[in-house]
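Two versions of one and the same chain are coming, encoded as structure tokens; call them structure 1 and structure 2.
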Structure 1
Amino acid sequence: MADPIHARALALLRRGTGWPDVRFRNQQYESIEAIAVRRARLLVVQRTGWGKSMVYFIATRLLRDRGSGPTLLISPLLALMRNQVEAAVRIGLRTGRIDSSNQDEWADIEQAVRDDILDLLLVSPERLTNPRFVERVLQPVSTRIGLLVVDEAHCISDWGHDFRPDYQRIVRLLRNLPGTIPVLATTATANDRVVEDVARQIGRVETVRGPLVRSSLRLQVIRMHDPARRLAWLADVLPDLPGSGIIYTLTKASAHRVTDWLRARALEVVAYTGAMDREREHIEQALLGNKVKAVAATSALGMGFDKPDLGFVIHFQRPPSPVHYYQQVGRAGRNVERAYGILLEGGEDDEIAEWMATSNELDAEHVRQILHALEQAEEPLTPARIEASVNLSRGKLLHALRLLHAHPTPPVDRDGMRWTRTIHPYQPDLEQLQRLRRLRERERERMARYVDGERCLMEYLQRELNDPSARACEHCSVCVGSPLVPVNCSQETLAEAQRFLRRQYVVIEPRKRWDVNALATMKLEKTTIPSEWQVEPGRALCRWGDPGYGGLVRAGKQRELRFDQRLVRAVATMVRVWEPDPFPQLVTSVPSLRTGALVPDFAARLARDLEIPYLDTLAKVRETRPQKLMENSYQQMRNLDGAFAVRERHPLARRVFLLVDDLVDSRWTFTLAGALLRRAGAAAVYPVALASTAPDR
């Protein structure tokens, strides 16, 4: 006798996909039946494109048809939410989304949930920390949720490659739900360690796990430590790759650099980073519609983006782990016969990976300082107030506060952006931190082994994710014994890429506000920097360590103790190409008690090349700690407070200056030194640096 639930589910699948003859993939219907009929708690680990979203869409429809409450779907990325809403509507689900991009719709959606009109509510995990959402939505509906879905469930586990503190609140929610409410947790990227940890936290969970191999995907590794050579290779090879695809980079700066270069070569490429909220949906649609050849993206174009006919995924730099790599390269070849996954190993990869591995660690001493600052405060503190006591960047501080807030007995609490100390004691788990640190180091080592190419590349990734069905794919460059795509670039294109990199000037944006408490000697009253004291937009020749001139800057500062004349000519060319208006009349420099004549010597030679006078107008009146050790603006300003003075022997009235330094990071040195020059009568000050050391992550 035919199973009516299976028949109904199959009809929904065909309606949702638009394919009249489609059938369930292996374990797909069994997962739906476990949730909708047996009301189980299920962890589904299946490759990207297997159809995990159809499992919870169809299960939601079946549960709603039988009178269950709405499904609450917790998902980390807006891109994922947009795609899911479009797919869910096709099978007749009424959906709503609550996130930072649609605040004008919140009231209507909240009311629709309370009135049981919505079938499916999508929220980000961060929403669970929002008092309004908890009070108006979560508490009223918690006892009648029909299904709880936790997408990208590997984020629950701190062993996972993308652990997120706010996911810990999901664990608390799970533990407080009635046992009769089914739960579905899904992920495409989890090894045994993560699966066991997630299952432990969810409780009494059944696990459905499928093979990870994608037979259409052809993998290859090309070692290219020189960024110019990688850029040239992209320009030569990209036009011949099938369809459209993604070029992944580890940093935002690299994504924009790749985009600028390829667009200069008349290729339709756009950049995509986490800092581009307004443009991201438009870019996704352009890629989905094959209106661009490629998107140069950071990991922001990640979980949830689904393009079945993606023809290639190229990595401009080596990801930090095989799990990261599998998740991203697995976006190609879902519904095409042949697609390419090409990894270009770069010389900067290890340095970036080390920064990524340590940037989010919860340092025990910093935690102690944060908690002490909150304990001593007479009122709740904003992050800016905490920075006055703790030498942490804003990003690291917020990450630490979120981790502390997500703790089972949180030592901190928040009201909006104001933080307080709770009564709960807190002791960092230093052993766990060391275990995680060793794990990240091992992951980087395992990714380096992948690059070595000693065995089938697909099999290697499967084994790293503990796929029991791992076997040689017979399609990768190792299996066939020869390159799948060319490994070289033309000398002509390489020369053009080298010239391009040498012209990658960095804009130094002027600061507009300062903290009057950090600048006690200036006796300021307003936080806004008066326009008549501000510097103009400036330029840095390159980024520290970059190809092109970065190596010369490093050698001059650390080894030769004098900057090469080629850098003088390059900066002079940069100034002439830039053409600041009005054009500078004088060159001066930022003094240093540590490096002595290094910068003044360079500035004087630059002045001669530009054929304008050099004046030694600024003096360093006290020693300061290196600015690179100051991690936030308050500490950086306080470190420089009262450190500079204008030499009175030089009249500055109505003169236009180039203010030269070797390195720029926070811009506070230029801001404060420039303000002194402007207060002394300078008509305009243009900052110029040899290299920017500001993070481009």
Structure 2
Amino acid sequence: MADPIHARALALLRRGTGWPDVRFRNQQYESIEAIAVRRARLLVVQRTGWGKSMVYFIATRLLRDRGSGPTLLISPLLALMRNQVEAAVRIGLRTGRIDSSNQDEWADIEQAVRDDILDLLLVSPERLTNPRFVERVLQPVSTRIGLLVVDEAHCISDWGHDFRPDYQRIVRLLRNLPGTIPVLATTATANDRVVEDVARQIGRVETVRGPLVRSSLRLQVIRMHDPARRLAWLADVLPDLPGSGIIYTLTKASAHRVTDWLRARALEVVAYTGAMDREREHIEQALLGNKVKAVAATSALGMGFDKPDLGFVIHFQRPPSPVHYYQQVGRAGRNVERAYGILLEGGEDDEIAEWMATSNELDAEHVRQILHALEQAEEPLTPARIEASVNLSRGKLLHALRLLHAHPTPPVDRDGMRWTRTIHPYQPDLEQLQRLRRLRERERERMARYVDGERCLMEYLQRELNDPSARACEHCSVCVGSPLVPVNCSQETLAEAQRFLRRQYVVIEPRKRWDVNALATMKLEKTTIPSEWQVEPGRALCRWGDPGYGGLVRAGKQRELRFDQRLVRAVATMVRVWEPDPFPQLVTSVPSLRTGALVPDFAARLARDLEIPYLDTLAKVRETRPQKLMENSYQQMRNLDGAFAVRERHPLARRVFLLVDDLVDSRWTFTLAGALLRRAGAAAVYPVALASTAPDR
């Protein structure tokens, strides 16, 4: 083997790793050679930790030695990991990153490119589409890119779990890239179908694929539908798990809730979500340095995060696909004797996942409104101007614009900070939408089968990822035949968790006083509401502006004119967790002439779920104006005075009621409707609302 390039590459590998006797891993050198010598396009599918970064570091060095321009690394990573930076320095590579947060470094980087001393540049995929960034930063530094590296290339495929519209731009970019500029696309997780799709889209590409096996990972599944039990289990088990780890949740709200709970139990846990731009790097460092026991994170913690001694990965809810799961759980146990991957299955997992997926889809009516606004305008419009014609929040509007912009023939384009219509007609890709929906459904089914635990868990995952070397691992709970980590929690912790959860809903405090003049028809004497007429403290599921359930409530009220079944389930769960005592015997609802059957229909479905009867007890005898238009308490009471009447035929005596309404704001509706019910004999009335529009205290 007197190949001088191989000898040089091996010397670089040894210098880069700091290990003088290290050899190339299987296919590592072949990949380097393909890029740096044959200038090929290469798709490398290898597990994290295989050494993909070493491949492009060494290839960059070899290419640079022969006069090539710098490497451009397109990656959703915030930065190179510290160990990668150290390896790059040892190999003699100068690296830089350009993004919106380091404007003060742009000039230096530009100069370094000009002086030809910068070897590798990191840029995020979404930056590539920002016109100002492109003109001011990317162009000056990209005049002689010698190697293009595309990280997390599975995001290219909409057959994958992580399809990202921004990556479609990269595909189109590759189409006009001269064949003599080598391209390395890398991913750690992809099944056959995704690999084939990515390869097809990149074009002219050779694929290098290795096994995924990871022997020190011990997998276990636990079914626990009660969220309080899952929290309690976490608190009991966490201290006994090795090292530091990650607790994955499906939503940001869950990540924060888990964090709040575990911190209340004196455990070192921090939350990590995509919304926390600034702290993310800091939290990653804390986790890397074992300064925290666990990070409760959404899938935002993932791409590129590499901690070889991660002790455990717990999923608080079931992730939406085996590939997702493998990618996340696979972060544990890369370089430790024993690490745990434990999946908790809750009842609500599928609903949350589906809700998140559908809320990311483009709404045809919104698209029509956006395009119409842009077509009518003589000049490109700012998002603020578009908002005037489209009833969308800024975040949703920008999301919709970004999706439209990523279309192969985009109907909109950016013009600095403004947006313009293009000549392309817009056709929603209904086929793609249907395919994505079917795919999601199929993947959820595959994940549900994993939880069934009928065969070795590791083998199951490997087969899902089409790993030819899949076989029984002999370490997982199925292979061992008993739980690896206890599945129970203590009764005290459970009670504590229940109390914790109960505090999470919005409490509707009963009103104690009213204005006798405003309520003339009731012929009242005292300003204090008699205790036998008062309602009990109630609950609202969420706040109107909340992203999760709040979004469903808004959709139900404003668009669908029917509340989603998921809301029925969620309110039923809330009532069960809340456990009002005495427990309600009947469900009734606040009538409305304006919204008709909306609330009674919901209340009846809630009653079915709670397995108690539903009864229409109140009638709206007079139309009222929306309560939210009433500026003060007096007006609010006046507006409701004489509006409700009890339907006489119902025997209410000594019965306990859940009184359901869609929104609660001033609480006067509940107070007055409840007082009527109680005056007619009800033993107790518990107000329940879907959302509170009152300001958050």
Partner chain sequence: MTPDPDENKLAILLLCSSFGAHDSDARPLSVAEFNKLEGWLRAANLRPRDLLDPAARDTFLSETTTPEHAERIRRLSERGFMMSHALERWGQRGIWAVTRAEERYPARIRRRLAQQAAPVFYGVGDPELLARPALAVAGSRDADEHALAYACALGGRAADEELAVVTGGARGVDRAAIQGCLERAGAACAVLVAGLYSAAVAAHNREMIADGRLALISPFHPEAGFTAGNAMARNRYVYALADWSVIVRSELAGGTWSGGTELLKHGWSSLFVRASEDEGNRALLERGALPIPAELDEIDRLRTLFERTSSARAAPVRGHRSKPPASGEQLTLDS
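Residues are numbered by position in structure 1's sequence, first residue being 1. Remember, predicted model here, so these are calculated numbers, not experimental data. For the two forms, the rigid core is made up of the largest set of C-alpha atoms that agree within 1.5 Å on superposition.
- Comparing the two isolated copies of the chain, the first one is the form predicted on its own.
- Annotation for residue 595: C-alpha shift of 2 angstroms or more between the two structures, rigid core superposed.
- Residue 491 is not among the residues whose C-alpha shifts by 2 Å or more between the two structures once the rigid core is aligned; its shift stays under 2 Å.
- The Cα shift for residue 417 between the two structures, taken after rigid core superposition, is 2 angstroms or larger.
- Core superposition gives residue 660 a CA displacement of 12.5 Å between the two structures.
- After superposing on the rigid core, the C-alpha of residue 16 is displaced by 2.7 Å between the two structures.
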